[in-house]
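First comes one chain, alone, set out as structure tokens in the form predicted alone.
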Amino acid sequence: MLNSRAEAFAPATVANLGVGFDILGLAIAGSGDTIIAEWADEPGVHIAGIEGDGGKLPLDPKRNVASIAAAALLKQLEVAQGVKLYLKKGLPLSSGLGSSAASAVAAVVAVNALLGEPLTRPELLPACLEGEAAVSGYHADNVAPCLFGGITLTNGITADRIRSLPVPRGLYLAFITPHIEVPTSTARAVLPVHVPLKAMVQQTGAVAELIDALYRGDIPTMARAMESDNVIEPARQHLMPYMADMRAIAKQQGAYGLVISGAGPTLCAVCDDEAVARRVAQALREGYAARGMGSYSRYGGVLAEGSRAVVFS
């Protein structure tokens, strides 16, 4: 059954979890993007309006990740009728919080709901990836947790290569986003082309330790494994202002570890208590302020259900 209007919310995400470059990610409870989808008189996908982006995102449907993803879904379903999208950005751009993935996923989930939800969540994945690919290529480390929720392991770009991992009881995260942008293209450009064998062994060992810690619900070991990245973080840390200072501040306030969220500049601290996460987030914001830099902080748990939609018939 077709609906007259549908609204979808898609959460922020943390990609990589330190050592799991392009394969691990989690959905964050709280912040995210919202998209309203309605039918249009003209065929194709149209961006009817954008809020919260400071005028930075393109209205051209061929250049906006939300409309690209929605168009891919319409093509997948062979739908000729046009759709218009209203995008409400709740996430800062180029922040390392999966902003582009959230827009792509929210658009696909909203249009699928508008159509009466003919496709299951796994069947929505290809269209979501089409939108994300316009910004950062075909990888699902942000899209998978955004669409499915929780903590995910992705070893490919099809739904059968995505696995849900356990979320340790009591896991809370604190985030700090300094007022700078780090485009994904910039963060990827500084990565090493070749990785020494010793570094590869250390990295794969850390990923294994992290996944083992998730299954055992061991938050301290989880954080230690996340901080063991000796390939990506060393190459990118110069893009993250005062990262060493922020790590020290987070641990002084009770966090077990701190890593780069996705491509950055957001930093993510691992905690085992909501009150600790709140305290860490505040201390990180004060830490940046003391160094003459504005920032935005938040804290929260892992969102279990991923993107969700509301329909209006």
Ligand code: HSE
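When you see a residue number, it is the position in the sequence shown, counting from 1. Quick caveat, the model's predicted, so the values are computed rather than measured.
Keep in mind that the form predicted in complex with L-homoserine (HSE) is missing from the display, and what follows is about it.
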Only one of 77-85, 173-181, 133-141, 196-204 has heavy atoms within 4.5 Å of L-homoserine (HSE) in the model of the complex; I'd like to know which. 133-141
Selected contact from Arg121, Arg224, Arg188, Arg163, since only one has a non-hydrogen atom within 4.5 angstroms of L-homoserine (HSE) in the model of the complex: Arg188
Identify whether L-homoserine (HSE) in the model of the complex is within 4.5 Å of every residue in the set Pro11, Ser31 and Arg308, based on non-hydrogen atoms. no
Partner contact for Ala15 in the model of the complex: L-homoserine (HSE), 4.5 angstroms, heavy atom: yes
Although L-homoserine (HSE) is absent from this view, report whether Leu258 comes within 4.5 Å of it in the model of the complex, heavy atoms only. no
When the contact criterion is heavy atoms within 4.5 Å, does Arg236 count as touching L-homoserine (HSE) in the model of the complex? yes
Can you tell me whether Ala37 touches L-homoserine (HSE)? I mean in the model of the complex, with a 4.5 angstroms heavy atom cut-off. no
Which of the residues spanning 260-290 lie within 4.5 Å of L-homoserine (HSE) in the model of the complex, based on heavy atoms? Gly262, Ala263
